[in-house]
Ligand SMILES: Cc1cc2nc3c(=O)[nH]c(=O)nc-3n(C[C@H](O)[C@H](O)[C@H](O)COP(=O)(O)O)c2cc1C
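Let's start with one chain on its own, the form predicted on its own, as structure tokens.
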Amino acid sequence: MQFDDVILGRRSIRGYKPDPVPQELIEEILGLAMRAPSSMNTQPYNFYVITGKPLEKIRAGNTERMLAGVPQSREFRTGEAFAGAHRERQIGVAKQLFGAMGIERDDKEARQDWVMRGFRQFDAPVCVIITYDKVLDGSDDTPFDCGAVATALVNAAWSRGLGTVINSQGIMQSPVVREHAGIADDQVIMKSIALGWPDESFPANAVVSERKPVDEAAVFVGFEE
């Protein structure tokens, strides 16, 4: 693919084929992703790539604990709930997804099932957990660097025909993730990325989330001089 094809074509994939993804292909994608810039080349990130029975155990543990009302235990800061324009955009994409899936506003069972898909990593065959070195906890640059490598990862995957969706639901129950992924004590769990071959028959996969226009996001200074 050309660069523009990747950037403009990529979308978040929430329905996957069960087909396995070769380890060699994932290693290739990670190698590309790690060309992303990081502050003074610190490269604070690490990846735990999980599939098979360990991933099944994480899915089961996440859903069981969440349904039982166990409080979430994300390790990276969660921040305040969205409000204003940010909340409106969150609601907007939710409406797009529910519309594509035919989930009505008052269908509590279908909405609950949709939420549980997130805790199951959207039933993708692979989950990539992004962690960062605990010694850098509190650094302003580290989250930026992890975001950069995550963006590069999802784009590299798309260029190879793979779909992804960056999410936090899959790491809400960090003790479960740590146990079954074998995450080292010197790492902080930051994000998870579901990865696999897109199921083109899954309605939500056709959803393209809206973006605000450039003239709303950018301020140009000095160009008229």
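From 1 onward, residues are counted along the sequence shown. Because the structure is a prediction, the values reported are computed rather than measured.
Same protein, other form: the form predicted together with the ligand, not shown, and the subject of what follows.
- For the three marked residues, 12, 165 and 168, a heavy atom of each sits within 4.5 Å of the ligand in the predicted bound form.
- Screening 110, 135, 93, 85 for any heavy atom within 4.5 Å of the ligand in the predicted bound form leaves a single hit, 93.
- Under a 4.5 angstroms non-hydrogen atom cutoff, the ligand in the predicted bound form lacks residue 59 among its neighbouring residues.
- Using a 4.5 angstroms limit between non-hydrogen atoms, residue 178 is distant from the ligand in the predicted bound form.
- The shortest heavy atom separation between residue 209 and the ligand in the predicted bound form is within 4.5 Å.
- Residues of 15-46 are not found to place any heavy atom within 4.5 Å of the ligand in the predicted bound form.
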